[in-house]
Structures are given as structure tokens and as C-alpha cells.
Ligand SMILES: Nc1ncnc2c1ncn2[C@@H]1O[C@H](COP(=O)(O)OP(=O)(O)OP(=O)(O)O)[C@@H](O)[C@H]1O
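Just the one chain here, the form predicted alone, laid out as C-alpha cells.
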């Protein structure tokens, strides 16, 4: 297991994971809204959003310069900056932090690209262990149908074109997502994911997500989490 640091802060960290098209972002957005409706201070963080590496990432992708290892290092830098500047201060202040993807994304994607699993995990040993980690499980065919119906085009790296899996970008995307899904499945039990059947309705999934949250950190939400001033 990745030796994440324990969360010793007042706040709580909730993260979602899953392949593209799993619906995890929708579920996190709904959870975010619900927690805010309870009067709680909630902060949101998403993968690959640090301003200090955004420009580098954009240029590297545009020129197709990244190797699997350099891609991994860029994402680790992004994660470290967001953790230090945003996630940890909000946890210390007593907020709920909702993160759309966490270190597990690197464990899945980087290894799917051929980077050594132990090396990747060592990169993220400074991370704080989430209080709740959701994994939205969905068949590959369902996820691909959702993505391909909703996108006019696919991007080079998201489709895994750098891996030479196929000259057809849609086929490459499917093969790459299959690799990523395999990594999520292999670490699901090890990492203690709360597995959500993402083929069910949005309402059914959200009901289960909220139940897990209340059963796991309900007392903290009631007594410890910072509340919005009225």
C-alpha cells in the first residue's frame, strides 16, 4: 500500500476516481452542492490544475514532447503544488476538501503508460491519505460510449497515442482506458476504495455516496467541520 501520511487535520478529504466516462465528476459536483447546503465550508480541487505547471503542460502536449516519465513528473509537480498551497491549508482550516482525482490517478495512468509502479508510488509518498476514496466502476463499453458520444474529438495524450497502441485515435483511446481500468481494479481492495456501481442512475449513485459520507465522517461533519457564517 502507498504509505500516505495520516490526515491529522480538522478538515476531511474526499476524493473520486474512475476512468473517463465513469461519471465521477458529476457525482462529486452533486456531493459538493449537498455539503454546502448543510452549511459546511467545502473546497474543490481537480487534477492537473496548478498554475505553476499549466503553461508547461500545455506546451509539452502541443509539441508532443512528453515521455511517460516526464509526464509522470509533471503531474507529480502539479499535485505537490496543489497539496501544499490549497488542499492542506483548507484541511487545517477545518474545511471539507472534495478532489476530482488524487494520487491514485497517477498510480493508474502512469503505470498504464509503462512507468514502474513502485517508482510512481514513491513520488506521492508525501500525500495525505483521503478520509473517503470513491471509485466509480463502469464497464469499458459504457464509459467509451459516453465519452465518444459527447466529444467532437479526442486529444493526443488522453487517447494514449504516445504509446503507439493504434493509429486510430478512437481505438487507441479504448485500449488506453482498458489499461487504466485494469490498474484501478487491481488496487481497489488494496487502497480501500468505496466502489460505486456507475451504471446505475445518477440519483441512486448519489444516494449511496451520501450514505457512505455520513456513515464514515458524519460525526465530524456535525461537530468539527468549519461552517459558513450566517
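Residue numbers count along the first chain shown, from 1. None of these values were measured; they are calculated from a predicted model.
We do not show the form predicted together with the ligand, though everything after this point is about it.
Out of the listed residues 133, 123, 147, 91, 147 is the one that sits within 4.5 Å of the ligand in the predicted complex by at least one heavy atom. For the options 201, 33, 64, 167, the residue carrying a heavy atom within 4.5 angstroms of the ligand in the predicted complex is 201. Contact check for residue 194: no non-hydrogen atom falls within 4.5 Å of the ligand in the predicted complex.
Contact check for residue 211: no non-hydrogen atom falls within 4.5 Å of the ligand in the predicted complex.
Using a 4.5 angstroms threshold between heavy atoms, residue 216 stays clear of the ligand in the predicted complex. Using a 4.5 Å cutoff between non-hydrogen atoms, residue 15 does not count as a contact of the ligand in the predicted complex. The candidate stretches are 47-55, 24-32, 159-167, 64-72, and the one lying within 4.5 Å of the ligand in the predicted complex by heavy atoms is 24-32.
When contacts are defined as a non-hydrogen atom within 4.5 Å, none of 43, 129 and 225 contacts the ligand in the predicted complex.
In the predicted complex, the ligand lies within 4.5 angstroms of a heavy atom of only one residue of 100-117, namely 101.
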